[in-house]
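In the block that follows, a single chain appears as structure tokens, in the form predicted alone.
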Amino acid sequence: MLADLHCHSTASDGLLTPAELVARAQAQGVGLLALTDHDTLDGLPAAHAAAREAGLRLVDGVELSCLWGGATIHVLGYAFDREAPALREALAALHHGRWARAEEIGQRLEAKGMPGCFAGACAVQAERGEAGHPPSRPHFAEYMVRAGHVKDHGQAFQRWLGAGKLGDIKQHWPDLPSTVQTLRAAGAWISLAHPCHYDFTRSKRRRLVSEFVAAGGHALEVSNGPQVDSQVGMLAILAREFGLLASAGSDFHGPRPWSELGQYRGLPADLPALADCLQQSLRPPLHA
């Protein structure tokens, strides 16, 4: 069965609603899907309703932001108790922080002669059926295009919103160990997302994986979307070394030439797959 354990909807920074995402996954032949929106579970009810109608198996997922080594790291959680108090408290804190971050982005852009960006980004979010959620940088980019401040989304990120630019505001996320423990308290399977996305040396990346394991993580995202073979191979070596399960997903945010649901490089056959544990409804180990 084709599984995709990493994708995003309009509940966070994706371009498709949860129902549209499920329909597209089914059309792409995905049989096991995890919706892993950033720091929110809000898309899960609609996704489950669509999955039941489509006959597709959907796993509860989330991608939580945290800090490690001075960088923002993402951790994926699966098959958890949605009502777990620790998880609910953590999500509420992240939600509040994202609103504050969005307001600051708007203030910074206004100071550079682009008024109305915060309200405009909120309006874009509302158009996509997710009013009440904090807008993220893609929503700001869309409004900036409409307002004529930039010619396209690429320019918005290149000039204003991308890494190291004025709109790239670092939020005060919780640290990696506390985030892993929040997910463990909710009974989740836990995977370290796209370790090659971080601008780390090999030794620093290995240290990240080591501390993730020490905190109680279960899996490594060995294959992520268009990731190249050499990166898959390097992460497979780390998964073997630390005895981790292997996870894989498209990290789909919307229809793009390089991104599609269910599309990622295959996992090495010798690695135990997290998807198999989820498919069999196995529970994660109680101890690290």
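Just so you know, these numbers come straight off a predicted model, no measurement behind them. Residue positions are given as counts along the sequence shown, with the first one as 1.
Keep in mind that the form predicted together with a small molecule is missing from the display, and what follows is about it.
Although the partner is absent from the chain shown here, none of Y78, Y198 and H218 has a heavy atom within 4.5 Å of the small molecule in the predicted bound form. Exactly one of the stretches 84-92, 111-119, 183-191, 135-143 approaches the small molecule in the predicted bound form with heavy atoms within 4.5 Å, and it is 135-143. This chain is displayed alone, yet in the predicted bound form one of R205, R128, H149, R101 has a heavy atom within 4.5 Å of the small molecule; that residue is R101. Contact check for D13: a non-hydrogen atom falls within 4.5 Å of the small molecule in the predicted bound form.
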